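The chain below stands alone, shown as structure tokens; this is the form predicted on its own.
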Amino acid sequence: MTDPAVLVTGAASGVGRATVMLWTSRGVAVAATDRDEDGLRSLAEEAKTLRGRLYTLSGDVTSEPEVERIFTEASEELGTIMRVVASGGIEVNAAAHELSAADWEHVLQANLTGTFLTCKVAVKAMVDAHVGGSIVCLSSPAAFVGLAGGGNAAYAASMGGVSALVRSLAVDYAGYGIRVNAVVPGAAETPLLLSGVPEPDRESSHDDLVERAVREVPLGRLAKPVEIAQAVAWLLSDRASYVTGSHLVCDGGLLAKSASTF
């Protein structure tokens, strides 16, 4: 039996890109979408030698008509989409009293609304087609704890919303055979690690930021994107057939660690 196709948002970089590469390397058909058209072209080139079919399409997951178009096109090319990964995300760092309402809205639109619309259209397609399926969303340790680096009000709120959304959808759609889970990645070697740093300062800040992040992780290193992608793949697969509404923490021990020294 052919594996159902996978649709991945935020596919041009980071965990989304690693997820696309992992599934196509397994011979599975993948629809990859992102607003970054150059990143999608680079992804398509990189995946040429892999066994699975890759279908790329640009789109904005914060727009409901765009998300509907993405699913329609992907389904026409690859069949009913029964596996979905919502992995797009941005971060804007600022103390809450200095955070503009526009930046707040921008982060929540990209992270929370984008995830909601992806899940909404995905579950509707599955329900209408009378098929079950599996959805995996990307959350963050910031959904559960205040991060020591600070300035995460918008990002943390958006990720907390994603985690609550996952639990709610898991309960609502279990009866349809649709599982909804989340992966909680820690600090990883992805562009998101530096997304809160102003563009001119990223090169000079990179080594210092990585060093500080590594000090906080009990395993003493950043995650490779493929390590997060493997966690996503397990939740997405039938091996996790009795798992729904759950969070698979893949953070090198960060959430298990207390700052207390006594």
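Quick caveat: nothing in here was measured; it's all calculated off a predicted structure. From 1 onward, residues are counted along the sequence shown.
If you look for the form predicted in complex with a small molecule, you will not find it shown, but the lines that follow are about it.
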> Any idea which of 180 to 188, 71 to 79, 163 to 171, 122 to 130 reaches within 4.5 Å of the small molecule in the model of the complex, heavy atoms considered?
Replying inline: 180 to 188
>> Within 4.5 Å of the small molecule in the model of the complex - does that hold for a heavy atom of every one of 3, 54 and 84?
In response: no
> Would residue 90 show up as a contact with the small molecule in the model of the complex if we use heavy atoms at 4.5 Å?
Replying inline: yes
> residue 26 near the small molecule in the model of the complex, any heavy atom under 4.5 Å?
Replying inline: no
> Taking the shortest heavy atom distance, is residue 216 within 4.5 Å of the small molecule in the model of the complex?
Replying inline: no
> in the model of the complex, does residue 61 have a heavy atom within 4.5 Å of the small molecule?
Replying inline: yes
> What is the one choice in 224, 212, 35, 41 with a heavy atom within 4.5 Å of the small molecule in the model of the complex?
Replying inline: 35
